[in-house]
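Below sits a lone chain in structure tokens, taken as the form predicted alone.
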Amino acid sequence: MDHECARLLPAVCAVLADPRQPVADDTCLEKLLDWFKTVTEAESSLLLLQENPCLVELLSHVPNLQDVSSGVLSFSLRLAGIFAAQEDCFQYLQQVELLPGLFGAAGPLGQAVWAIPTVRSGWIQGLRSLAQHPSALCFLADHGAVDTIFSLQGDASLFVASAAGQLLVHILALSMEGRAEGHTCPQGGDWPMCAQKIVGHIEESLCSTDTPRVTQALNVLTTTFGRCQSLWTEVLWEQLSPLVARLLERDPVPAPHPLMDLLLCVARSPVLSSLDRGPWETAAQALSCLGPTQAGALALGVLKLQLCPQALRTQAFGVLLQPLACVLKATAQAPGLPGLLDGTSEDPAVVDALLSSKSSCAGLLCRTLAHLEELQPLPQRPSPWPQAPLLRAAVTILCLCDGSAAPSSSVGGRLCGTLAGCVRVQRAALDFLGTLSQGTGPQEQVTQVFAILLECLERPDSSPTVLKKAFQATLRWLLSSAGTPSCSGLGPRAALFLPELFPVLQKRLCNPCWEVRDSALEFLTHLSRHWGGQADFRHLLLQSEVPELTRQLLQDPESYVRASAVTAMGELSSRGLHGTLTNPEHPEAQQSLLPEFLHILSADSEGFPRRAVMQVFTEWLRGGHADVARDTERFVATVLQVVSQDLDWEVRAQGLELALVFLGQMLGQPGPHCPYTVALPKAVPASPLAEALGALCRVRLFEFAFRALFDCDRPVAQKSCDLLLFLRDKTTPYSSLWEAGGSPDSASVEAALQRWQAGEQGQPLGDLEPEAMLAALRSIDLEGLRGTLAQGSDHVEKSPQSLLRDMLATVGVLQENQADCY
């Protein structure tokens, strides 16, 4: 601890120990605790207390106060735990009889303040810090702390209850530390008394008829097996697994979710999964006993395991497929479900869940589809994967939702009524259908997929979120059906589907709902990006009204739509598809979008369209767009001039990205920055360098970058710093060429930069020569500036001295203006 902090600390402790003083807020107390943790990690806690007796006085005085605030008491409990974590300091605090007054029966446990959750939480956290050595275990046993922790597991505060369970796990692990180092492990009867007490409590809780107690025990076991991989956990599981299995014999099964979490945790443990009495038999029993919702989640967890018995995997996959099997059976036109899964039969519990209520049906189907969507891309998914039945199930569910399904039973009729217009299930089914595009299916089924997707897009009553999901699924199926695209044409399925799709896309671009227009524009952008160079796609697009409708949306009243329209038109323009062609052989006859985009950049009142314009301009410059290539310098100069006045920092940052692209084209591409490597600058011939620097001056890139270097928004300044460092590295080896005839006069530039740094950025730099620019560039400590920008804006105020002064200033202990206010 430095001298200034040691000088301020007694006054701070006096403030905290005085209930009449207004105590600093909880944030200050948390910062103070963080500081003490840092100090005790670097120094001896015992020495710290001996050199600062005010801390001991504070900890001994606070528990005896009648009107102590709950925040200060909680702080004191946690602070004592931090100090007692070191065993020699623990012994010292025991000698002065301080710890019993804080954590024993004489402490806050018997006081009215114990009713406040903050105090109970502080007591638990203090013990958690304290329990780091064997001496702490004796203290816990002597003062009945473990029994108090047991009671706090059922605390009304969920935070306190969770912390109590975590503390029990920590104490159990500390008790068993070092007792399983060899190949043998003592049996439960030979364990330390503290561990035996905790295990006995868990056993009692597992046998209890009180579901909350069962939940607490299961949570403690899950955390224990998740954190501890020592051999003693084998003995613990062997002892408790029969009690866990017995829970599955109850009706209903108590705490199904915590039970499922425990079984999966044990299955993932490399120590426990290989035991003779491992979790597999219990997991198989759970899959049979749990309800459809819990069983589905457990089945997914089992199928995601890297190592698992094949019989259990087969059972789990069957459980996961049960809801879809019921749906297919209820709507099948012919008996039987060939190809779904041999042995998959209808479960009455699943049927009940599907038919009991709309919310139950929708919840079960959504969870099932989400589980299968998560499982599909995994390498450990079941093989063979039933692609065809799953496609049929997804299409059938969408048909049930839009009312076009043909039920073959009373169950199917009830499902039609239950799922009709269910947006939640439609979204889940479309997501799953999009995931299935990664596989292959029979031609007839793929045709059905495109048909149902087109129907979803055409339906006038489709919700905006369903349409967005339908566009996304359609795109995935189009891309997968095309295989490897070629410039000569589309795939056969896409060639048949797109002529039907473009009229629908035109209608959606005119939809009164802005979310629908936005989704349609995003879909068009992706289509153009993938197929913009293919003749068949170009022909279909240019024969439609889509380009003109998209251009009209540049004036849409909704800013999100305008931004998406800018992105779409930028992509179309890059492909020469942004307008109807009077002569398809001469795409250059299309009207340029550059003036319209420049108008949006300078005049649009919302930031989203302006950001989109800058992203398009950057891509145009990077890709050599025709409108940019005609006069690149004029384009860059115009854009930078407009962007420099923009109030949106993201637009200014994107302007620096465009400047960096231009800089790379002039001097060579910048490589990835790594602070641990030093790379020699790549040589640029003197003549091209002179031409490039002249171009940079003409587009006023130096002025733009220097102004951004002192931007009030840190991301902009950081990006400018990186750009200028790249520019300096490229030009430094040739500085002698510029200074051969004498040092350039850069005094006026440096003076202007100093004014800009002080916030006076109204005056431009004027017409400057490359020599003066390079000299000014070398005069700036860019590395130091980058280090400053990397620091938090409050790095000065975060110092402990500032914190202590602020706490004292709150009660007027400091005089005049000695506090750091932030």
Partner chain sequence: MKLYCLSGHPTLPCNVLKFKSTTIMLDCGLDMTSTLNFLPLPLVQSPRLTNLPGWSLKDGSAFLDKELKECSGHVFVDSVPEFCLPETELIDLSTVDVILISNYHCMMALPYITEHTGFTGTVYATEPTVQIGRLLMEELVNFIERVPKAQSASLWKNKDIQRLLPSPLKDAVEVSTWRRCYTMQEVNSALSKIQLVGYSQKIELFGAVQVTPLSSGYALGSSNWIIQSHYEKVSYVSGSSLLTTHPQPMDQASLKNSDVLVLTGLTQIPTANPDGMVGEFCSNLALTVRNGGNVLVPCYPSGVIYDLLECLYQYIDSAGLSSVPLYFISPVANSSLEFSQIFAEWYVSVFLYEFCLIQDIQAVRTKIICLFLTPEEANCNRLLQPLWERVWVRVCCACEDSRTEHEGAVSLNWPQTPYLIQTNKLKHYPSIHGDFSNDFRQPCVVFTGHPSLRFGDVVHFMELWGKSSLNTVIFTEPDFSYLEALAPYQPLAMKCIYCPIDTRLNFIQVSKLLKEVQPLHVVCPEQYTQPPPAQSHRTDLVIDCQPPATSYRRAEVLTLPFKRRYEKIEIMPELADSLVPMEIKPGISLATVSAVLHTKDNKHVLQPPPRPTPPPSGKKRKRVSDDVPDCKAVKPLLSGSIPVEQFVQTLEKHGFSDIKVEDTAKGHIVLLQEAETLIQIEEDSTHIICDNDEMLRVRLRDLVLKFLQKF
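Source: prediction; values computed, not measured. Residue numbers count along the first chain shown, from 1.
Beyond the structure shown, there is the form predicted together with the partner chain, which is absent from this document and is the topic of what follows.
Stretch in contact in the predicted bound form with the partner chain, which is absent here, among 454-462, 91-99, 139-147, 433-441 (heavy atoms within 4.5 Å): Among the listed stretches, the partner-contacting one is 454-462.
Three-residue site A406, G413 and K507 fully in contact with the partner chain in the predicted bound form at 4.5 Å by heavy atom: Each of the three qualifies.
In the predicted bound form, the one of L479, L355, A420, A690 near the partner chain [non-hydrogen atom within 4.5 angstroms]: That would be A420.
In the predicted bound form, the residue from A255, L549, L498, C228 that sits within 4.5 Å of the partner chain by heavy atoms: None of the others qualify; the residue that does is L549.
The partner chain contact at P492 in the predicted bound form, heavy atom, 4.5 Å: Taking the distances in the predicted bound form, the answer for P492 is no, it never comes within 4.5 Å of the partner chain.
Partner contact for E545 in the predicted bound form: the partner chain, 4.5 angstroms, heavy atom: Judged by the heavy-atom cut-off of 4.5 Å, E545 is in contact with the partner chain in the predicted bound form.
Partner contact for P595 in the predicted bound form: the partner chain, 4.5 angstroms, heavy atom: The answer is no: P595 has no heavy atom within 4.5 Å of the partner chain.
The partner chain contact at S602 in the predicted bound form, heavy atom, 4.5 Å: Close contact is absent here: in the predicted bound form, S602 is far from the partner chain, nothing within 4.5 Å, heavy atoms only.
The partner chain in the predicted bound form - contacting residues of 708-727, heavy atom within 4.5 Å: Result: empty, none.
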